[in-house]
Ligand code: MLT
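Next up is one chain by itself, shown in structure tokens, the form predicted on its own.
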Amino acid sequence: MNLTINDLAVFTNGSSNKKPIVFVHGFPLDHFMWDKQVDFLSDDYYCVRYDIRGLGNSPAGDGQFTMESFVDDLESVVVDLKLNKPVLCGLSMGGYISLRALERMQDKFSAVILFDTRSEADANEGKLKRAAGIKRINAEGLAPFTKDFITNCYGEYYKQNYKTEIDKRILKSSQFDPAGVKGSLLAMLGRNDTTGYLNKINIPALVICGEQDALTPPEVMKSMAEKINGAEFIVIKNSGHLSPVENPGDVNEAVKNFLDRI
């Protein structure tokens, strides 16, 4: 079912009587990145996805986004759909949103799954890189930035074997509103550091990382997982920063095993 909540494009699969899972996608992607997980889980769970403001089918407005406004949007989806303690599942930027959401309102969620993300705020080098991305989009348009950024997200195995799929993803993201993409860069640049909150997470947590992830490598994510009480950490083979897309079989098995235990 397709819905509009607080101007956001929201998509639901499965019965609303089942346990809810909210999927928060990465940058600069859209809700389609979770297709394989939703196909796998929607018989047993109520799967809720949405396009983050300014990306996919959600309008950019003025493009002046913060991580707090992204968390406000997530909260509006949970409240409007009357979701009872959903499992929160976020990748990369979706992980930043998820971690800040837990810091603000952990009691609204029953468990969390974090893919290919980190708790640290951007250091100076990262801030300058995001600022350079905005400058490049202004100078060259969105397509060159999108091509380079998205290509870097995939691991070597996927790049060698799924070039057509990567090209389709790049083309789709290149058609987003540039104001929305730049707004996301601003939100990530200005986000707060959630590392100090990790040991206060007291709901079940699964942390997943692609073995070839160049943006948030396994050692970085393992360190994050070790700060979360009782968190499970899994490395997914033959995948980079987009593990649910690159190796959905192993990811789905890991997620299902986790969900069966909570």
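The numbering used is simple: start at 1 and walk along the sequence shown. Predicted model only: the values in this text are computed from it and were never measured.
The following text describes the form predicted together with the ligand, which does not appear among the structures shown.
Colleague: Residue 98 versus the ligand, in the predicted bound form: is there a non-hydrogen atom within 4.5 Å?
Modeller: Heavy-atom contact with the ligand at 4.5 Å: absent for residue 98.
Colleague: Does at least one non-hydrogen atom of residue 162 fall within 4.5 angstroms of the ligand in the predicted bound form?
Modeller: Flag for residue 162 set to no.
Colleague: Heavy atoms within 4.5 Å of the ligand in the predicted bound form: does residue 26 have any?
Modeller: Yes - in the predicted bound form, heavy atoms of residue 26 and the ligand come within 4.5 Å of each other.
Colleague: Using a 4.5 Å heavy atom cut-off, state whether residue 231 contacts the ligand in the predicted bound form.
Modeller: Heavy-atom contact with the ligand at 4.5 Å: absent for residue 231.
Colleague: What is the one choice in 147, 130, 108, 136 with a heavy atom within 4.5 Å of the ligand in the predicted bound form?
Modeller: The residue in contact is 130.
Colleague: Could you check which residue among 71, 77, 188, 142 gets a heavy atom within 4.5 Å of the ligand in the predicted bound form?
Modeller: Looking at the other structure, the residue within range turns out to be 188.
Colleague: Tell me, please, which stretch of 167 to 175, 100 to 108, 154 to 162, 86 to 94 lies within 4.5 angstroms of the ligand in the predicted bound form when heavy atoms are compared?
Modeller: Residues of 86 to 94 come within 4.5 Å of the partner.
Colleague: Relative to the ligand in the predicted bound form, which residues of 237 to 262 have a heavy atom no more than 4.5 Å away?
Modeller: The stretch touches the partner through 241 alone.
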